[in-house]
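There is one chain below, alone, in structure tokens, taken in the form predicted alone.
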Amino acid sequence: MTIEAENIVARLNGKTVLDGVSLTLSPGEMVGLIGPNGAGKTTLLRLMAGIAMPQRGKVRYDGRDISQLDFRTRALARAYLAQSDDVQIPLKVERLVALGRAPYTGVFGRETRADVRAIERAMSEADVSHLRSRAFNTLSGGERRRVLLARALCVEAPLLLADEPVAALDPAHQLAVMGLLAASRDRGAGVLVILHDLTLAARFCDRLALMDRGKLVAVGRPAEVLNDDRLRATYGIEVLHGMQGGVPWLLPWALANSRNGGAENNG
């Protein structure tokens, strides 16, 4: 399934937060949505997930206007991982993850063997099986992120849209989560993920979409998007570059125009 956002304009509280943004997500690719705080990334992700509707422009799933799709069709088409947890009740982890199967079972429907397998697989992949009996509101921030990721994986949708899925995670779990997203991509899903870690974005994403002040500045392969001039203009930073095992990495090193901004990588 393909998502197309075409000439999206969105306003919040009278302010234009997206101005003519167009972006396509195809099956079997991971696109990293990057940019400084306030660039409009979360708004775009929510619009492409159908959580909100734009003032102008269209979002289409396989050519069909998302506003014309009923709730169940939309829920089966995409899994959405929000930036912050949206669960306030003391629901047990296993039951919360199982909500990812609601598009198949209905809220009060009986789970099939396929549902149970999907729930167990998602909890195992997100490393939360040992938390199954814990109440969600007793978990740490990182544990909550992994549980919500498990709920999104449990949907087994052809599209996965994730807003900062590695926020609050330790380095090992950051790598594990990015590996899970890559595995979803490799199984044919389209993955759109908001990231602030540019090294993870460069390493795992097939394409990057760089946003700044409500506009799409650049879309392309990581090496094309993450050039020094563009990073200075959008983030106001200088970076170090390197290679490890044939894979490029970059490290934000200093604010642009800072005295140490021109440091070279000798490693």
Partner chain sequence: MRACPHAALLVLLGSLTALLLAASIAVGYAPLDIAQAARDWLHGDMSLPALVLSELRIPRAVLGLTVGFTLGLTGAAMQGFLRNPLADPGVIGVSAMAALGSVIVFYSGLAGAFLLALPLGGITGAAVAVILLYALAGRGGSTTTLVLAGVAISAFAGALTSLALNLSPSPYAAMEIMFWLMGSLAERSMLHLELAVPLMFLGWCLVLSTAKDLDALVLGEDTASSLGVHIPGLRLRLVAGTALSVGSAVAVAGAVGFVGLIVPHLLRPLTGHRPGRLLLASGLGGASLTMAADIAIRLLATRPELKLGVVTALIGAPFLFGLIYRLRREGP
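Residue numbers count along the first chain shown, from 1. What you see is a predicted model, and the numbers here were worked out from it, not measured in a lab.
What comes next is about the form predicted in complex with its partner chain, which does not appear here.
Visitor: Using 4.5 Å between non-hydrogen atoms, is Arg151 touching its partner chain in the predicted complex?
Guide: Taking the distances in the predicted complex, the answer for Arg151 is yes, it comes within 4.5 Å of its partner chain.
Visitor: Just to confirm, Arg46 within 4.5 Å of its partner chain in the predicted complex by heavy atoms?
Guide: Close contact exists here: in the predicted complex, Arg46 approaches its partner chain to within 4.5 Å, heavy atoms only.
Visitor: Using a 4.5 angstroms cut-off on non-hydrogen atoms, would Gly142 count as touching its partner chain in the predicted complex?
Guide: Although its partner chain is absent here, Gly142 would stay clear of it in the predicted complex, with no heavy atoms inside 4.5 Å.
Visitor: So in the predicted complex, does Ile237 come within 4.5 Å of its partner chain, heavy atom to heavy atom?
Guide: It does not: once its partner chain is placed as it appears in the predicted complex, Ile237 has no heavy atom within 4.5 Å of it.
Visitor: Choose from 193 to 201, 151 to 159, 168 to 176, 120 to 128 the stretch whose residues reach within 4.5 Å of its partner chain in the predicted complex, heavy atoms counted.
Guide: Heavy atoms within 4.5 Å of its partner chain in the predicted complex occur in 151 to 159.
Visitor: So in the predicted complex, are Ile89, Leu99 and Pro103 all sitting within 4.5 Å of its partner chain, heavy atoms only?
Guide: Yes, all three are in contact.
Visitor: Report the residue, out of Ile51, Val217, Ala233, Leu69, that has at least one non-hydrogen atom within 4.5 angstroms of its partner chain in the predicted complex.
Guide: Looking at Ile51, Val217, Ala233, Leu69 one by one, just Ile51 meets the 4.5 Å heavy-atom criterion.
Visitor: What are the residues of 63 to 84, in order along the chain, with a heavy atom within 4.5 Å of its partner chain in the predicted complex?
Guide: Stretch hits, in order: Phe71, Ala75, Arg78, Tyr80, Ala82.
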